[in-house]
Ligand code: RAM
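In the block that follows, a single chain appears as structure tokens, in the form predicted alone.
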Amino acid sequence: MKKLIAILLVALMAMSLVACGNNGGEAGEATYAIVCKDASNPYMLRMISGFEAACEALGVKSVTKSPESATVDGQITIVNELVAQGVKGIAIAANDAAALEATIQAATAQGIVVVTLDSDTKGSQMFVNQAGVEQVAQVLVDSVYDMAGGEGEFAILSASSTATNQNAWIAAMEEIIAADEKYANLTWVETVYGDDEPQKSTDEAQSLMTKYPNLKVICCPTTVGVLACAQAVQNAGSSIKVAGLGLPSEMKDYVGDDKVCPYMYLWNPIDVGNCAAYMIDALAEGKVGEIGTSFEAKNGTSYEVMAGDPAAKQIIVGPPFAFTGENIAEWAEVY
């Protein structure tokens, strides 16, 4: 009899753990998690704030976990931990598209909704794309063309060599330049990687200035890289111009007609994080249709489901926005 009672108690305890584990918290409490590229990137921190705000509006618990540095191994460990905790949904800004695929598939096999944001990867059920790849690539190419005066040498200072968003933009830039005679007099000398680390990005920018004395523009499709590069160029007293994607609050002292970065582009990372939480919720409720259809998220915004690469589906949050000497002070107070 005692043995039977013990068995029943163990079974009840197991059922209780499953009930809690299925949502990552207290029984009946759903949990959505966000995993960013690293724990200290200011851009990522603003994405997190948007994600948390949307979770609060949805009435779900939010969890934030990111590796100390932008490594895929750290992200794999974190996602596995979240799967073990039984969260309902995960949003991840991928550090490596290929290396994360098996981990994400294991999570979705457990019934967990997985979306990507900022940087895509295979296995994702939806990519929350901050802007269209071609849109971003076009404004970057045109920035280089304009700042170089239509001709001369330029280089790219990117994030990591495995970052899917930067790699997609760079590939699209190559296609745009090759397809249009307008850009025939631009010479792309090199692409280097700062791994979204301030010091390494600074070192790479300084190396480019030394290696290419005729360099006219350094284009940085990464917020960490563009700040480090602007600081390096300004400190060197160089005539090189800096183009790219940056946070207004960080770049306000470097943007303007008479400064190292005449203008730059970005989007609101708060909106990207916010949208990711709503996408998890829409997928969990089965509200997302096939490619070519539209649906309305709980924030009241309608999105069109589009084909993604490498994810099967994506939605685009909005087009790139230009920050100039005239508007950057205003936007610097926002993010």
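One-based numbering along the sequence shown. Treat the numbers as computed from the prediction; the structure is a model and nothing was measured.
Separately, the form predicted together with the ligand exists; it is not shown, and the next lines address it.
**Student:** Could you work out which of 201, 121, 129, 223 is the residue within 4.5 angstroms of the ligand in the predicted bound form, going by heavy atoms?
**Tutor:** Exactly one listed residue reaches within 4.5 Å, namely 223.
**Student:** Can you pick out, from 34, 266, 55, 275, the residue that has a heavy atom within 4.5 Å of the ligand in the predicted bound form?
**Tutor:** Of 34, 266, 55, 275, the residue with a heavy atom within 4.5 Å of the ligand in the predicted bound form is 266.
**Student:** Classify residue 44 as contacting or not contacting the ligand in the predicted bound form by the rule of any non-hydrogen atom within 4.5 angstroms, answering yes or no.
**Tutor:** Flag for residue 44 set to yes.
**Student:** I'd like to know if residue 154 sits close to the ligand in the predicted bound form, meaning any non-hydrogen atom pair within 4.5 angstroms.
**Tutor:** It does not: once the ligand is placed as it appears in the predicted bound form, residue 154 has no heavy atom within 4.5 Å of it.
**Student:** Does residue 165 make contact with the ligand in the predicted bound form, using a 4.5 Å heavy atom cut-off?
**Tutor:** Residue 165 belongs to the contact set for the ligand.
**Student:** Quick check on residue 159: any heavy atom within 4.5 Å of the ligand in the predicted bound form?
**Tutor:** Contact check for residue 159: yes, within 4.5 Å of the ligand in the predicted bound form.
**Student:** Among 207 to 215, 166 to 174, 75 to 83, 253 to 261, mark the stretch whose residues have heavy atoms within 4.5 Å of the ligand in the predicted bound form.
**Tutor:** Selected range: 166 to 174.
**Student:** Does any residue in 319 to 335 get within 4.5 Å of the ligand in the predicted bound form, counting heavy atoms only, and if so which ones?
**Tutor:** None of them.
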